[in-house]
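In structure tokens, the next block holds one chain alone, the form predicted alone.
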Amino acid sequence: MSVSQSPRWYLRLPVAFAAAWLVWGAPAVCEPAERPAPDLEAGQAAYLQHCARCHGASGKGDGLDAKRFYPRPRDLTMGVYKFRSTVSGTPPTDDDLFRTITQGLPGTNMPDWAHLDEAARWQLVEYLKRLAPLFDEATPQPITVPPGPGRGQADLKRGRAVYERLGCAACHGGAGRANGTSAGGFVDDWGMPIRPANLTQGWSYRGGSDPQAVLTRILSGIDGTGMPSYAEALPPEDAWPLAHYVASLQEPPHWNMIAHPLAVEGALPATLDDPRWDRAERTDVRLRNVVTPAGEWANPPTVKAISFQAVANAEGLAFRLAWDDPTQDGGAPPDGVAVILKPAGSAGDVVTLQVWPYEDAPPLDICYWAADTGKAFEAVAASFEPVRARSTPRTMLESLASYEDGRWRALLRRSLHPATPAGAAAIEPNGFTAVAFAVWDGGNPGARAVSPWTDLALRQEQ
């Protein structure tokens, strides 16, 4: 089977395995004291008001905003739901639908609708079931799993062995960074290109990130994608070790509205492993792909977040950046990263990098590093193109970088008050400096990933 085809062979797996498992209790759903009687008119009204803009008036996933989202909103008429507690190929339970509506899907544009009246959410469940014939043709068959090992009893060594035996690394990578040898080229049942999940980013697990939620995905599969059900391939005694091992790959995020550089005396760090980085605050920033001029996304994102730390002395500032990229690309186009500041005396404001550059947009201060030369420079420019082409006046920066197992790390150093290039941003102590980031994956050209602005608050040691 070609990896460019959507693997549908698993959608009708036999369900005889169910007898070998003890029944699993799905995550509790807070139901009203009395579930309301189905009212399709009320469900349709709630759907048209809250859901149709993305999923379309008829549920085909063709709403007004659909093309600018990744992943695309679900074609609800197909009845193929990714996040279920049921056997692959069978419909989700009502509780599954209610849970998704209530909690949303992290890492996507599907928000939580917990603020809606519970009765309205249950009417939405009934209405969604009327959009797809599958709900009339098949009955949900809840998956079953063995009892959990108990707190602190997970066998991670065994889980890693199961991860390797089942070939999970082929897609998700040895360290879970979505850089496996088979990670590229998949499309889903809706014809859209997709990528395996980065297992280190638990905040983006759409169906939940705790071991029980992970095990649900492993046993049920994610219908419509390349993630099959492993219910028949996974002996009961290996199920929980695998789930706990996958959950252990997650790296807790550090979201900060304000980032604080570490103030030091003497020289700035000149290596990626300088011990002072251990004392520097880490800030994680989510990235989003830019869209085409037509307002669509062209490629699935391969870089979804960047981490940065900063160390400052009286003269300069050093950034240490880290981001996951499934391939190391030093050719054309190369992998690259930019630290972005607002130039001194900048006229106008850039609210979001997703639409920059735009007509009459102000220039930005771009500290850019690329893998083709392994060097960094700073330039003030009105778009990224002349910077990447090195066709604009620039000042070289001290930098170095390394790539290992799907992760780039880069070090960039600049002055707090650079004399060049003209208009370069100044970073003032005891104030706030807006900083943002852009990342290019050379293996996914056209999919520039950009961040929102984060405030950098530099405090000098007293």
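The structure displayed is predicted, hence computed values, not measured ones. The first residue of the shown sequence is 1; numbering continues from there.
There is also a form predicted together with a small molecule; it is not shown, and the following applies to it.
- Only one of 328-336, 193-201, 341-349, 386-394 lies within 4.5 Å of the small molecule in the predicted complex by heavy atoms, and it is 193-201.
- Each of 72, 128 and 172 places at least one heavy atom within 4.5 Å of the small molecule in the predicted complex.
- 218 is the sole member of 379, 310, 218, 306 with a non-hydrogen atom within 4.5 Å of the small molecule in the predicted complex.
- Checked against the small molecule in the predicted complex, the candidates 285, 145, 110, 366 yield a single residue with a heavy atom inside 4.5 Å, and that residue is 110.
- The small molecule in the predicted complex comes within 4.5 Å of no heavy atom belonging to residue 361.
- Put simply, residue 289 is far from the small molecule in the predicted complex: not one heavy atom of it is within 4.5 Å.
- In the predicted complex, the small molecule stays beyond 4.5 Å of every heavy atom belonging to residue 93.
- Contact annotation: residue 167 falls within 4.5 Å of the small molecule in the predicted complex, judged by heavy atom distances.
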